[in-house]
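Take a look at this single chain, the form predicted on its own, given in structure tokens.
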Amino acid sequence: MINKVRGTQDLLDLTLQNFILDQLKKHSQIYNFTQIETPILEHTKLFVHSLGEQTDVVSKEMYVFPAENDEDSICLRPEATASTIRAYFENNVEEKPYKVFSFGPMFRRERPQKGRWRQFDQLNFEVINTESISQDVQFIKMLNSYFSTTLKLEKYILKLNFLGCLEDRKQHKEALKNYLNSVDSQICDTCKVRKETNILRVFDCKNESCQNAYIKAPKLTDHLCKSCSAEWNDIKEKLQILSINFVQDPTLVRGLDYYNKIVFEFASTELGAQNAFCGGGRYSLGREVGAKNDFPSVGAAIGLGRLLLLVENNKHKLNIPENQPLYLILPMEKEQHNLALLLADELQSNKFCVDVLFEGNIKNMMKKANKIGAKKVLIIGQDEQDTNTVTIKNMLTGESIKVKQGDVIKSL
């Protein structure tokens, strides 16, 4: 037996997923977002330049197809923000701000666990080329409204942090490194490496000893310049005006180099250790894809797999559309197959959900009709063929009627 690749999924019932996506599209239109699509394959250098060579995604997790020339190397995309910025610049989009969302598979070579896969579907939102703090607040409001009002989720929190500008982070990194040196014996080997290569990433460590050591670590928000401090306070005030509850998390840094200023995560205790199901923030990309200037933007990604885990526990509160009722045609013998095909064609042309059982005896056919939840069965035997009729049986009440073939649609 050949099994699926570890860290991938077979999705055999997409009812809930399609509902989530349908509601997302409707919700996005309210906020004037347009749907786009970018390729699954991208040049490896796109993510090396934009995410940062020392990030875990680039250094450990990408599926890369090497080439003789490193410039020609391609990979399966690990995330969508860099691809969206590339598409914005490459296609000379002049709209400002450019508000888009996308949906599709991402790929990361990492250890599979609950809510984390090697191939996973992601929903992405980007507002490109805007510097407005108010845009950040409306963006967070849009996401929060989708989770709380549209999907009716309750057991989650919104975590915020503010990374400041480059000078703020420079000062904070110096203070943080001095602190980490003083607690070097308490932190893990991975954090010791990160201390030298990508120091803010130490806060992503789940090691209990490390987490305890970081409780008293210097906070980035204590190193904000006057301008950034004003922006941070402005964001919190605007969120409070919109009645959006949040908690400040000084260890929230996100794992990619392009983030600056506001960063956020939506997290739920129902997901276990990997509890974030949406994350994002403000970033600047542009030069990394060849533009003369950066495009100040705000974006977020939702892990569809984790969101499905939450909505599954909550679906009794949602008005999920039921499937169309199924009408099953049962030809008794091969001699009635042509009539069954013609009847099915007529009903399907009138938008009825119809299937035909061409194999098995009538007893087995009726068992299957019950099993798959058919609303009614339409029986065509020799008698029906001779009299140009169809026997229609209601599977719920057991009632049967015989109607002329030309009156089937009216009867249904």
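What you are looking at is a predicted structure, and each value in this text was computed from that prediction instead of being measured. Residues carry their position along the shown sequence, with the first being 1.
Keep in mind that the form predicted together with ligand HAM is missing from the display, and what follows is about it.
Colleague: Could you work out which of 120, 295, 214, 89 is the residue within 4.5 angstroms of ligand HAM in the model of the complex, going by heavy atoms?
Modeller: The residue in contact is 120.
Colleague: Let me know the one among 254, 194, 172, 159 whose heavy atoms come within 4.5 Å of ligand HAM in the model of the complex, would you?
Modeller: The option sitting close enough to the partner is 254.
Colleague: Given the stretches 164 to 172, 122 to 130, 179 to 187, 323 to 331, which is the single one in contact with ligand HAM in the model of the complex, using a heavy atom cutoff of 4.5 Å?
Modeller: Stretch 122 to 130 is the one.
Colleague: Can you tell me if residue 97 lies within 4.5 angstroms of ligand HAM in the model of the complex, counting non-hydrogen atoms only?
Modeller: Contact check for residue 97: no, nothing within 4.5 Å of ligand HAM in the model of the complex.
Colleague: Does residue 335 make contact with ligand HAM in the model of the complex, using a 4.5 Å heavy atom cut-off?
Modeller: No, residue 335 stays farther than 4.5 Å from ligand HAM in the model of the complex.
Colleague: Is residue 151 one of the residues lying within 4.5 Å of ligand HAM in the model of the complex, judged by heavy atom distances?
Modeller: No - in the model of the complex, heavy atoms of residue 151 and ligand HAM never come within 4.5 Å of each other.
Colleague: Contact with ligand HAM in the model of the complex for residue 203, defined as at least one heavy atom pair within 4.5 Å: yes or no?
Modeller: Contact with ligand HAM, no.
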